[in-house]
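One chain comes next, on its own, written out as structure tokens in the form predicted on its own.
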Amino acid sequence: MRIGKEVVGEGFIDREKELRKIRGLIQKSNIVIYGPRRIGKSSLMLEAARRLRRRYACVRIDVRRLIPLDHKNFIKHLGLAALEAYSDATGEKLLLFVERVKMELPELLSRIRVHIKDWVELSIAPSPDLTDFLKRTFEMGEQLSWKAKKDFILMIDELPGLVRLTKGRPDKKDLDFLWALRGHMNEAKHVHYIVSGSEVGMMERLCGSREAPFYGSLIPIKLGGLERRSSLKFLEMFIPSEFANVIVKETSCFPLYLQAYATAAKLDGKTLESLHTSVFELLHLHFSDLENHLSPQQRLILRTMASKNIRTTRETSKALEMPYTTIHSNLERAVLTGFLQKVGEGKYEFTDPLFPKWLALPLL
């Protein structure tokens, strides 16, 4: 494990059940992996790619890193991922070649006999027809896979990044785009898709509602904390077992937090209190980033819930002297974006075990 970084290979622990499920499903079904932020989705995808690389050419797209973050740029990077997978499968550096020459596509492109020229023209067009661009991108992926004589796995990390919220609901244009995406994914034969998302409520809505784009289309794998036994075994390499038992309970075995406690122990954390202090210092940027995903009003509401240890709409409305409907709409949006989970009518819990403790800290 490494704090804040994806982990693969020897540093990867647990998740064997999920890896077996991915291996068993991927040839016949597309997959969605979802769970709270920093629960290990990217690490699981990369470890699956490492273990499947003999049979498949695997490439990951991180939606969060797309600039600009729009439908056209996403389609372009989906096509570039297919080109990268082809290069990985054949050794032909097609991706770099296409990026360098753009419109001038000589003998190499004609030799592999796929419709790359049209795709490149669409990728750099100022206002392309996205319907045609998306169709050609999926067609190109299938043709490249057939030519490479190897199936591809394209991993789309943080798919909800493509979905804007309008008044707390997914934007209709973004949902229409996901419907189109679903249709092409379902038709693919030699390119397989694994998507992930941290916005738990949104992922469950997109995949679990009969009216939603991915209902019945993606097999879900929901991630929680690691297994208790694996977590204890990891922690006890760095700290006394009595500390490890407390930490496992307080962190719900979230991988990032186990990494942080292991690092804190290396920094001479001798007591449980000093370990806690070091961990919150180490994770300052992580928690600050989580806060940045909240609107000012949401931040105030969640801070109040955390500091006063209240979990209902009515109690929060009373504590802040805000209208019930305002609190309700903000909490429902926090469910959609993965910060809260609904545990009853008007009752909520934080999905992250340490974030409410961070929110409850006094403001400087």
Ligand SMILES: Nc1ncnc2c1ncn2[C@@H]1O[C@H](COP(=O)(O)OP(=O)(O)O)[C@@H](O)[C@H]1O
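Numbering starts at 1 and runs along the sequence shown. Only a predicted model underlies this, so the values are computations on that prediction, with no experimental measurement involved.
Although not depicted, the form predicted in complex with the ligand is the subject of the following passage.
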| property | result |
| --- | --- |
| Among 303-311, 34-42, 316-324, 330-338, the region lying within 4.5 Å of the ligand in the model of the complex by heavy atom distance | 34-42 |
| Touches the ligand in the model of the complex: L354 (any heavy atom, 4.5 Å) | no |
| In the model of the complex, Q259 touching the ligand (heavy atom, 4.5 Å) | yes |
| G346, heavy atom within 4.5 angstroms of the ligand in the model of the complex | no |
| 4.5 Å heavy atom contact, L162 and the ligand in the model of the complex | no |
| Site check V7, F12 and R15: each within 4.5 Å of the ligand in the model of the complex by heavy atom | yes |
| Stretch 311-331 - residues with a heavy atom within 4.5 Å of the ligand in the model of the complex | none |
